[in-house]
Each structure stands twice: as structure tokens, then as C-alpha cells.
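The chain that follows stands alone, in the form predicted alone, written as C-alpha cells.
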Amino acid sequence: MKSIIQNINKAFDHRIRLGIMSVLMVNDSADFSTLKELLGVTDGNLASHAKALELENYIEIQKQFIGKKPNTSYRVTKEGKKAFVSHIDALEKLIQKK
């Protein structure tokens, strides 16, 4: 018998990671300030959770300068989209289970 939580992805079990992925799934990209404001998190929390998603190859992080000001932007990868959709499908199946 398969576990009903087998397809839930541990990489998305934290609300900040879930939030980052949710924002990136509906936008081409988002910068650090936008994600920080939307999610209501600290710089350190956002950076560490984004790094964890990058290590899983679920997001890409691009750092550049606009003028003399640093700008970090995030984009979901194809692998990240696939994993997140699978995670959401697993959650939906879980809550529909009777």
C-alpha cells in the first residue's frame, strides 16, 4: 500500500519556500525586494530558503548590478515547475482522501 504522503516534496514543507515557489510559478521572475515584501520575511530567511531551493535546482538565482546597486532576481526552473506541480497535486489528493 502506498503512503498518501509519498509524493509530498520535503523541499516545499516550509512556508517561506512554498511562498517563494508560489510567487515564481505565476511570474516570470521576482527580485529580492519583491519577494521579501510579499512574504514578509527577513533578508536572512529569504536568502537561506532561496539557497535551499537553488541547491535542489528548483530556482535560478541571478545577481547583477543596476547602476551601482546590487539586484538579485529569482526564476523557477523547468525541474522546479515540475516538482512544484507534483507537490500541489499530492496535497490536493491528500485533502480529497476520504
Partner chain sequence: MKDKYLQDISEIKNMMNKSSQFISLSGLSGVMAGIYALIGAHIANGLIESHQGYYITLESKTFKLIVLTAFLVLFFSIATAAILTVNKAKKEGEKIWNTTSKRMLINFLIPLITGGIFGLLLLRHAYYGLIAPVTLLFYGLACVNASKYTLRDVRYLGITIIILGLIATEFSGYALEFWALGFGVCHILYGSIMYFKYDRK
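Numbering follows the first chain given and starts at 1. All figures in this text were calculated on a predicted structure; none of them were measured in a lab.
Unshown form predicted in complex with its partner chain; subsequent notes refer to it.
Proximity to its partner chain in the model of the complex, defined as a heavy atom within 4.5 Å, holds among 38, 47, 61, 55 only for 38. Within this chain, residue 13 lines the site of its partner chain in the model of the complex, having a heavy atom no more than 4.5 Å away. Although the partner is absent here, residue 42 is not a contact residue: none of its heavy atoms lies within 4.5 angstroms of its partner chain in the model of the complex. Contact between residue 84 and its partner chain in the model of the complex is found at the 4.5 Å heavy atom cutoff. Taking the partner from elsewhere, residue 71 is found to have every heavy atom lying beyond 4.5 Å of its partner chain in the model of the complex. Contact annotation for 10-44: residues with any non-hydrogen atom within 4.5 angstroms of its partner chain in the model of the complex are 13, 15, 18, 19, 22, 23, 25, 26, 27, 34, 37, 38, 39, listed in sequence order.
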